[in-house]
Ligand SMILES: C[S@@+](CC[C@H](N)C(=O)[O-])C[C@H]1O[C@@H](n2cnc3c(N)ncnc32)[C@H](O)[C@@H]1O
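The data below hold one chain only, encoded as structure tokens and taken in the form predicted alone.
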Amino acid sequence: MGRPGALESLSPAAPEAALVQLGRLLQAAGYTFTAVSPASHERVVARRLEAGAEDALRQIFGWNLPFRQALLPPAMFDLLRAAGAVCELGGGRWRAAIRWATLADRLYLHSGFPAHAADSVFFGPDTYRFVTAIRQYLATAGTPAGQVVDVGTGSGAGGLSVPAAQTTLTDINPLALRYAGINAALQGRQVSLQAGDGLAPVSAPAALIVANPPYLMDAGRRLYRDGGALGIGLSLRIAEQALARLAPQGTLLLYTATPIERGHDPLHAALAALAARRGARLDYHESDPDIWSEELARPAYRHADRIALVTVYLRPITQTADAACRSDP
């Protein structure tokens, strides 16, 4: 069932309202933080035992270091406690259970580090690249006239980067929808939050569907990482569902990755077959030839040469356009 993303009507004591207010205080304090990859994050925090007075907010809410209560303004600490988003470590030390990152001057709530829990909400370099891909698309295609859907929205960064009047954010993860709603409220955006798998919760035609689905083979089956068979199963399912949900002139922008096995790209082959079968137009671009190289050491990737990042555009071919192509000049 859908629900609005604005959280202004909640009681001031509600955890979501507390996190919105905490986000506003961080914005007023000029807080900024760029979320890095887990490997980079681990290397940086290994240098420090706990947050210090200098740059304390970034150490607490960005690097997620243990901290002493005196480092936080009382109002921020009280909001953390009201939201149930701080853990007492003992010895007078605490750790925030959430993090905040900035992207294009906007603030996004996401899960604490390390994101080991199955329902973790991830925010990192892929988020920045995904939003960049969306903005590059909008620069040429313009703002969509109809509904925009962000599938598997996570923090909501993809859907919230499109200035659309009608925005739907979907996710199978209740925590992701909760955080996406908070992030929408921080931006003053009214969105529809829809719980469900893939595009199942969406019935109305969409002018633009964006998706940055999980695309790795993850032994822990974490929702934000595990993309199913070969890491591409979920991407293929979203592509197939999108062709049934797109408006006649609509577009699916799929930002994902694929293992390249002995020079073969299984995602491209499967999407090309889908486009031919469904009468759709496929534009497929390899954006980065070699990402997540550390994954190649895992047994699941023993046959892979590399993992490539790809940006995919899939568009239905309308009956009108098809008829025009067949007609005599």
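On a predicted model such as this, the values are computed, not experimentally measured, just so you know. Residue numbers here begin at 1 and follow the sequence given.
In what follows, reference is made to the form predicted in complex with this ligand, a form of this protein that is not presented.
The partner is absent here, but in the predicted complex a heavy atom of Asn173, alone among Gln166, Thr102, Gln249, Asn173, sits within 4.5 Å of this ligand. Interface residue among Gln147, Thr127, Thr256, Ser161 relative to this ligand in the predicted complex, by the heavy atom within 4.5 Å criterion: Thr127. Not displayed here, this ligand is approached by Asp197 to within 4.5 Å at the level of heavy atoms in the predicted complex. Among residues of the shown chain, Phe122 is one whose heavy atoms approach this ligand to within 4.5 Å in the predicted complex. Residue contact with this ligand in the predicted complex: Arg95 places no heavy atom within 4.5 Å of it. Residue contact check for Asn183: none of its heavy atoms lie within 4.5 Å of this ligand in the predicted complex.
Remark: of stretches 71-79, 185-193, 147-155, 84-92, the one touching this ligand in the predicted complex is 147-155 (heavy atom within 4.5 Å). Contact check for Arg48, Leu57 and Pro66: none of the three has a heavy atom within 4.5 Å of this ligand in the predicted complex. Residues Leu234, Arg237 are the ones in 225-239 with at least one heavy atom within 4.5 Å of this ligand in the predicted complex, listed in sequence order.
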